[in-house]
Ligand SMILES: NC(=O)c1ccc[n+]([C@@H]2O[C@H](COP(=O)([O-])OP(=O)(O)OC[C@H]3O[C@@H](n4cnc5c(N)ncnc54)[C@H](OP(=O)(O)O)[C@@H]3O)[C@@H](O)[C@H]2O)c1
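Quick heads-up: it's one chain on its own, the form predicted on its own, in structure tokens.
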């Protein structure tokens, strides 16, 4: 089969030049795994950061690539079950599925014609979503659902979403709007109409206006931070009600994977997050760090079953080295609207 391969470690900015498409053996599913013929995979910022060694500031999460043991990146995929391993109960051959490759990461990721995935990291693809739309809400949908689970939104809540036009933001806005809450989105002017169409009641252009100025007199119940940085946190406190909550998926370092913090920097970051969580129990508003886990799958599934989610795709690319290399460099700019997806096999 054809797969994107990486045969050596990459420093920041080097991943595109280090990868190539190679012929490799088709993987075989082991216990509780299914073999998926991949129709679409996505290129996420996590894919880039993991294999350039800067995920979460530089925490090693993946096996080391080498000439003898190359790796294939790719966390998110959508496709059809071709073969099932022992003790698989939820899927059968021919099922259309989507999901994430999961942790701990293996050497065979989703940027390949075939990929083996644990069955508990997959969901059946709803009929109303195409395979490209399904992959666009795989990992991002898990994270969005995790935020939703932690908020318990009601109709009377006012929610500020910072980074509303990205892969997670575009899904969260839709999920949050289903509760009837009032949604205020922060994004650039070019994405204003998009986030309005997804359910935002109000849009703030961060390039020309501070959300602090807009919301100083009409505070919010929740701030959803999808960008990161202490400056955003400090500004968010100014617009939050005392009994409100600050929810971040990034933490105190903006776009944390853009930086190699080293172990001392990572320790400082983790210490800061732990301190903020603990101290906010006594000094409101509440601080919460949110991450997507397999425990959110059932909650995410409920939102999918509303048949109303419309994942946003920035662009579809073909399965070739040039398109993948160019798209990696595009995704790392944090300017993608929604997701960039790769058509690996024709559905």
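Numbering follows the first chain given and starts at 1. Please read all numbers here as calculations on a predicted model, not as lab measurements.
Beyond the structure shown, there is the form predicted in complex with the named molecule, which is absent from this document and is the topic of what follows.
Between 89-97, 174-182, 223-231, 266-274, the stretch whose residues reach within 4.5 angstroms of the named molecule in the predicted bound form through a non-hydrogen atom is 223-231.
When the named molecule is considered in the predicted bound form, residue 206 lines it closely, a heavy atom lying within 4.5 Å. By the criterion of a heavy atom within 4.5 Å, residue 166 is counted among the residues contacting the named molecule in the predicted bound form. In the predicted bound form, the named molecule lies within 4.5 Å of some heavy atom of residue 290.
For residue 45, a non-hydrogen atom is located within 4.5 Å of the named molecule in the predicted bound form, even though that partner is not displayed. With the partner omitted from this view, the residue of 152, 196, 190, 241 that lies near the named molecule in the predicted bound form is 190 [heavy atom within 4.5 Å]. Of the residues given (186, 77, 117, 137), 186 alone sits with a heavy atom within 4.5 Å of the named molecule in the predicted bound form. Along 115-133, not one residue places a heavy atom within 4.5 Å of the named molecule in the predicted bound form.
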